[in-house]
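Take a look at this single chain, the form predicted on its own, given in structure tokens.
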Amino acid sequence: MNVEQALSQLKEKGYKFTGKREEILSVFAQEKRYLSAKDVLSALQMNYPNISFDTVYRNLSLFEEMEILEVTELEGEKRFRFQCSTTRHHHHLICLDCGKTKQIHACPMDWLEDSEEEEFQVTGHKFEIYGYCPECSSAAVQA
């Protein structure tokens, strides 16, 4: 997902184009990590000093609902990032320090195909692995 695709998706669904929405999406285009609503609010306050947390959060929720952004919860707080552009099933490694993510294409749910749980209809699942990326691990060792 990128800014142009997201804006096009909004337009197709009849949502109004605003500079604030474009700037929120631009914040995600510049980052390869999960961001909190507070992170987004801070990034927008230079150009929109009176923007409210509610405005940011409403737009993030809309983008999540439209599958423009994906969401996870870290340290009890929702975090958002652009929806992955790959259509291949995958999961993520997430650095707890810098928030960077990396796709992994192994799935722990593969066991279900070989199990006796055939009568259980899975409608979705999420699997994330938390830890520290090489850069953050190195920085911690040097500190």
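The structure displayed is predicted, hence computed values, not measured ones. In this text, residue numbers run from 1 along the sequence as written.
Only in words, not in the display: the form predicted in complex with the DNA, which the text now covers.
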Only one of 102 to 110, 54 to 62, 25 to 33, 87 to 95 has residues with a heavy atom within 4.5 Å of the DNA in the predicted complex, and that stretch is 54 to 62
Taking the shortest heavy atom distance, is Glu67 within 4.5 Å of the DNA in the predicted complex?
no
I'd like to check something about His125: if you look in the predicted complex, is any of its heavy atoms closer than or equal to 4.5 Å to a heavy atom of the DNA?
no
Wondering, does Tyr15 line up within 4.5 Å of the DNA in the predicted complex on heavy atoms?
yes
The DNA contact in the predicted complex: Val40, any heavy atom under 4.5 Å
no
For the heavy atom contacts within 4.5 Å of the DNA in the predicted complex, list the residues of 18 to 33 involved, in sequence order.
Thr18, Lys20, Arg21
